[in-house]
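Given next, in structure tokens, is a single chain: the form predicted alone.
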Amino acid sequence: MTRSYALFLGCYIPSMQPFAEASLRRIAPPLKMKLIDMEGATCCPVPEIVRLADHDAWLYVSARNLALAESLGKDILAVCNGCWETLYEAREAIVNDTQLMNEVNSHLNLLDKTFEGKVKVKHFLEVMVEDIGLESLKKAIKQPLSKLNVAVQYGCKLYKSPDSKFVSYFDSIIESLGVNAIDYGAEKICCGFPLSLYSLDEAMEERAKFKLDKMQSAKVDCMVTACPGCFDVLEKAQLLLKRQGLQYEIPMLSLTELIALSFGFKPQEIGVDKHRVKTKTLITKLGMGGN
């Protein structure tokens, strides 16, 4: 059975991480997922900025995005931890407060839109485990990944899921793919994204560097994350810390890329060769050629 979702890509993926989108669109058909683009969708908006500055603006913009999905009659599939947090929390606030829902719709009506809470907000991890199922994931695997030793970067927001279930979902997917998740001792430490909004240099030196040092000491082959914010910060950190003579060169993959590689898609098909932190050593280890 094919399952359809309203695809919410957010800002980071279309603008800076097209490989995450390309790999998602590649793996969707084998997993019997139909992705419906949400035309007119905007930034979620990012909670660390907009919600702090103007809670109402954050809520109304979120509600508009929710209304777009509801007009399609499809649950939202969010592939960004931050987008999931915003849309999920905004939906929960609205559907559990009749007065707030009426207030929100009074604004949405000006745009000829409405939101009644008929659709849900689902994280990619949630869809993979609860809707698609791990057995379906395993059946689609063509390329063994058992040689890979990976550092998993969960991202803070996964711990905000009910009972932190998304963290265990991430682990289950990694296990199903057959890769070796290496305990590097800093899994729960923030990548530095919130701090980067104040000072990128401080975020690099006080958060990201600590995590990168731990991963390097653990001798991982690559880092895997489901959070575009974490990807961005930890990628920039590796590039910027070169100013201090520090060399990490830890290849990074979004989870959708890792899945796509396991399905047998070539690195060039999904954009792994477009990463700023080069992935040649990683791809060579998999026997899939360099970039």
Partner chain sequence: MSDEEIVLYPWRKKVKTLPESFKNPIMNIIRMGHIPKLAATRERIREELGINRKPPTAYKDPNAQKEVEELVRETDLYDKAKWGTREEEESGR
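Numbering follows the first chain given and starts at 1. Predicted model only: the values in this text are computed from it and were never measured.
Missing here is the form predicted together with the partner chain; even so, the following discussion is about that form.
From the list 222 to 230, 27 to 35, 53 to 61, 242 to 250, the contact stretch for the partner chain in the model of the complex under a 4.5 Å heavy atom rule is 53 to 61. Remark: Gly40 counts among the residues lining the partner chain in the model of the complex, judged by a heavy atom distance of 4.5 Å or less. Though the partner is left out of this view, His107 does reach within 4.5 Å of the partner chain in the model of the complex, counting heavy atoms only.
Although the partner is absent here, Ile270 lies within 4.5 Å of the partner chain in the model of the complex, judged by heavy atoms. Using a 4.5 angstroms limit between non-hydrogen atoms, Leu282 is distant from the partner chain in the model of the complex. Contacts of stretch 18 to 33 with the partner chain in the model of the complex, defined by any heavy atom lying within 4.5 Å, are made by Pro18, Phe19, Glu21, Ala22, Arg25, Arg26, listed in sequence order.
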